[in-house]
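A single chain comes next, written as structure tokens; it is the form predicted alone.
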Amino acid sequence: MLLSEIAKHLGGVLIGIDQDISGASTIEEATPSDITFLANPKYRDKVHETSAGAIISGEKLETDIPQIIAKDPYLCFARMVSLLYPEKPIIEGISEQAYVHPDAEVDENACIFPHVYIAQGATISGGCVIYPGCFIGEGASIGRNTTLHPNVVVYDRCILGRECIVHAGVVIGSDGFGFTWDGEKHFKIPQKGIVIIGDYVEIGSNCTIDRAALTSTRIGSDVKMDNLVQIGHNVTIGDHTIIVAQSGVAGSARIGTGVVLAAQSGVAGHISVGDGCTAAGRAGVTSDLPPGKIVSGFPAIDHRQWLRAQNVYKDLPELVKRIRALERRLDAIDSD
């Protein structure tokens, strides 16, 4: 595409020579046929080292490389990549090697690949793409333009909204972890609820979302989950929340809107996390958090307090030596 066309699509301003661009890359690896971007000012010096044919920036740069000036370079770069690398067209229809129950409802504009199983009463909306190895349980519902990558399992009666992306190996609606001791063994508490997932949700590979015991586990719209995330039964997650890899939310927790759970963080059961909170990597949230709180550590505490505590750790060996020396001096004084 011509840079002028790209600038028009992005709503940016082109500075420099108009030319064709055929690819996109990082500022370090871009070639003269690639476009790149600069979103963080600390990498400004790399502009003088790059071989890129063009660059997207939030401000005019001191370089001869053609530039597209845009308000949000990172967002514009993401949109530009979609222009240069459009999705492959999907052939609509149901493969003869897929099993679709006669009482299931599959829109004629959906794409059902071989070796998909769609159970009785399931509903697959138009524009859906269901890749090989997927299982859609009885009465389950998949919203318009949602994509299920290979080997996704959607248990009975669970509901996915429109324009969701569910990556390989995800399990939606497996039993919540509920048992009680009957005096001799663990008695399984029946899990009869469902999972309800909103619109524009993306779920990374090998995530698991448990069905509720009686009602519903709810995932709001525009929630983004990284790989290997575990969501327990009866959990509620608000819109626009981000949950990063290897994090877990225990049963009946309530996660607000716009929350960020960084990598390997965890939220204990029946905990409430307020809107706009952030739990740093490996944070363990064991008590309710008010809106807007930023926490770190285990058990999670205010992030600034945690940073001060971390700064003390490196001095602990020396502090122990000093304390022991003081104890010896005090003992010597007492003995006198």
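If you superpose the two forms and keep the largest set of C-alpha atoms that fall within 1.5 Å, you have the rigid core. We number the residues from 1 along the sequence you see. Predicted model only: the values in this text are computed from it and were never measured.
Beyond what is shown, the protein has a form predicted in complex with another copy of the chain; the following relates to that form.
When another copy of the chain is considered in the model of the complex, only one residue from Cys207, Ile219, Ala110, Leu160 comes within 4.5 Å through any heavy atom, namely Cys207. Site annotation in the model of the complex: the residue of Ile94, Val153, Val129, Ile196 reaching within 4.5 Å of another copy of the chain with a heavy atom is Val153. The candidate stretches are 287-295, 48-56, 300-308, 63-71, and the one lying within 4.5 Å of another copy of the chain in the model of the complex by heavy atoms is 300-308.
When contacts are judged by a 4.5 Å heavy atom cut-off, Ile243 counts as touching another copy of the chain in the model of the complex. At a distance threshold of 4.5 angstroms between non-hydrogen atoms, Arg144 is out of contact with another copy of the chain in the model of the complex.
Under a 4.5 angstroms non-hydrogen atom cutoff, another copy of the chain in the model of the complex lacks Val13 among its neighbouring residues. The closest heavy atom approach of Thr26 to another copy of the chain in the model of the complex falls within 4.5 Å. Taking a 4.5 Å heavy atom cutoff to another copy of the chain in the model of the complex, the contacting residues in 220-250 are Asp222, Lys224, Met225, Asp226, Asn227, Leu228, Val229, Gln230, His240, Ile242, Ile243, Val244, Ala245, Gln246, Ser247, Gly248. Fitting the two forms on the rigid core leaves the C-alpha of Ile17 displaced by under 2 angstroms between this form and the one not shown.
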